[in-house]
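This document opens with one chain alone, in structure tokens, the form predicted on its own.
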Amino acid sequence: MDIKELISKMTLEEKAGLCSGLDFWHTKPVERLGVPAVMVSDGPHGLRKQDEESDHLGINDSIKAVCMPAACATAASFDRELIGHMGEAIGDSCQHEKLSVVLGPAVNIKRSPLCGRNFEYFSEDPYLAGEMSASYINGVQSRNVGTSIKHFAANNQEHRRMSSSSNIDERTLREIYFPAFEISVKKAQPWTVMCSYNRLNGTYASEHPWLLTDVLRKEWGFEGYVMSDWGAVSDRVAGVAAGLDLEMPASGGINDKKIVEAVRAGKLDEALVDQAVERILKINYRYLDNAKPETPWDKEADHEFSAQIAAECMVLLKNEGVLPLCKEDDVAFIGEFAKRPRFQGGGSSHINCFKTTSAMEAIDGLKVTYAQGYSVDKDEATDEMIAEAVAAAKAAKVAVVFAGLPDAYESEGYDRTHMAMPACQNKLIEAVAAANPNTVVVLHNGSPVEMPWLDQVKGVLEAYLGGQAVGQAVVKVLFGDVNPSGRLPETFPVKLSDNPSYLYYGGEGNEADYREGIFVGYRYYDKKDMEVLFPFGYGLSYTTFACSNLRLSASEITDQETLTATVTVTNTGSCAGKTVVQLYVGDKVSTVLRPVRELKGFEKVELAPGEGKDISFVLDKRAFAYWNTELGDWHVETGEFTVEVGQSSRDLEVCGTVTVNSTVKLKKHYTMDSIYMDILEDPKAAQVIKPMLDEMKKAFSSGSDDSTDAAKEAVSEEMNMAMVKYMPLRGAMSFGGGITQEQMDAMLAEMNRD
């Protein structure tokens, strides 16, 4: 298909029409030229394909499909291969259902536990989010179905999401909010990118040329088309000029007409319209030329696969010898989620499941009794419910309480107002724990919760939102058929007010200021040396592991070279299991504010008891760099860096150091207002000002020859030097430097000479 020739045959009206949707889910056809429509559909973790009445909030029913675990869960797997296979399964279902693009993954950073859409997002860490996203995209697109990575960019709250401006400095954007998108583009080339609703530093993402063209295309090399989130377009003409190719959904012809009028009035270059149409058609025909609706979609097989994924994602947060459960023991399952599990979030990703499996449906002859404990619909636990639960707990060897967040607590469209679980559930857990010392809590939630009862229970299993087969997976993990291996992709703070964005989250009016900057999640908690409930990367197992013998390929490199770090990980326990080896890098001494450590590598490994394996990580410049706004590029400061390896951000068993030498010399420019402390850090500039500085030291000394108090003399000298180092260069002309303006100008010229 010669796309350019096809476009040359189109009228301006036809081209403008192709720049918006036909309806909620289809692109427009051009029947005169035989250009067909294609369909896109929601579904980062399964299909939400609507055939009849369409909406984007999950209100109307869609086709029966399979709900895989949500991103909050899959990120906890730390398993690139696993999420790649999940993408393949979703890609096959898209081919079967004649879908050209599935709308996902969503990679926005978890800035606060309050974001109502956190369950759709991977992590507080951009590297983890990017790696998991790229694996998912490669999996889906291996089936010749496109993905739409979203929401670009800085969509981190639902409150005022269609009008709020995310006000963020460039370094924070580059280090925290961009990398997941950048990694995905460079490693996986998603067919499409979906822009976000919000404004970025005052400009709507849908009409932001720096965002959509300069960064996304020119810097990162994105090749597909950019679509809007549903209803995200403010100024359609500005959007075309900025690089927004497709507006979704249909605009009723209103914005198509505006494009035509702008071109005819000379306000919009028609070549930009042609460019948008070309990008859209290239992707559409990439799908159409390889469409395979005959691809089988085995929902039962996908259901079983969903259970396998969910089990791999579960995070064992606490275990005081109570798990795994013995299949011969009497066990009580307590809580409505044991029969009606919460396994997905609300909004556009809500899937109409063809079946679900609860924990009670998965017990398969085990000696398990059930008590409701609380009502999800009424959000209450009556005295009768608690009494029944307590009786069941007392009669059992172990009591397992299924708890978490109801649907109404977290959804697209609004944010949470607190981090607490329902009071009725907390009350139930405390009552059950008092009745049975062997109490375990299974959590179904899309983001962190406070746990006021943590010290009263012996076990906690975080199931997140594990998809339609979550009950089956929970039972396998609880009874030891699967050894838990998930790790937290986010920090669980002790309380909401500990979160770094607590004072600013949500913003004032339509202005949301990201004042915490780069200190998001564990970057903040580690810098503050703050107690957390559970740290980033944390998770227990039914066995134990140890990392040892860290070897670095060099003790010194340049920023143009790579470093290989190799570590031995050993299963030191008595049963087979998987662990996640995590590598963090930190700059020991930096002239700019940097985190204590940042995740720069991870690998999931399965080991038999006593087995050890070597795991290697290759670190390039980006592993050591920060974004330098003056350079407009990534920069490594010459110095010593730590390379720490372990099983969580706060369980780092081995550490090495490497000196990295920068090959880029930062250009410094000195003025009369430059202070001596900064000048003295530059050997060349320090040499230029040395004679003058010696004179200033004399002027600041007491000049007393008969003083015998050496201690006072030393203190005086220290105070004098403290005053000098904070003084601007011009101070030499006022405080005894013995220098003229002409001499000062000559020194500045010498200091600033290349």
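When you see a residue number, it is the position in the sequence shown, counting from 1. On a predicted model such as this, the values are computed, not experimentally measured, just so you know.
Below, we turn to the form predicted together with ligand BGC, even though it does not appear here.
Residue contact check for Ser348: one or more of its heavy atoms lie within 4.5 Å of ligand BGC in the model of the complex. Contact annotation: Arg117 falls within 4.5 Å of ligand BGC in the model of the complex, judged by heavy atom distances. The shortest heavy atom separation between Trp230 and ligand BGC in the model of the complex is within 4.5 Å. When ligand BGC is considered in the model of the complex, Asp498 lies well away from it, no heavy atom lying within 4.5 Å. Only one of the listed residues (Arg416, His151, Arg279, Arg342) places a non-hydrogen atom within 4.5 angstroms of ligand BGC in the model of the complex, and that residue is His151.
Put simply, of Tyr197, Phe534, Tyr409, Tyr524 only one has a heavy atom within 4.5 Å of ligand BGC in the model of the complex, and it is Tyr197. Taken together, Phe222, Lys600 and Lys621 are entirely out of contact with ligand BGC in the model of the complex: none brings a heavy atom within 4.5 Å. Partner contact region in the model of the complex: 189 to 197, out of 559 to 567, 317 to 325, 189 to 197, 206 to 214, criterion any non-hydrogen atom within 4.5 Å of ligand BGC.
Residue Asp42 is the only one in 28 to 45 with at least one heavy atom within 4.5 Å of ligand BGC in the model of the complex.
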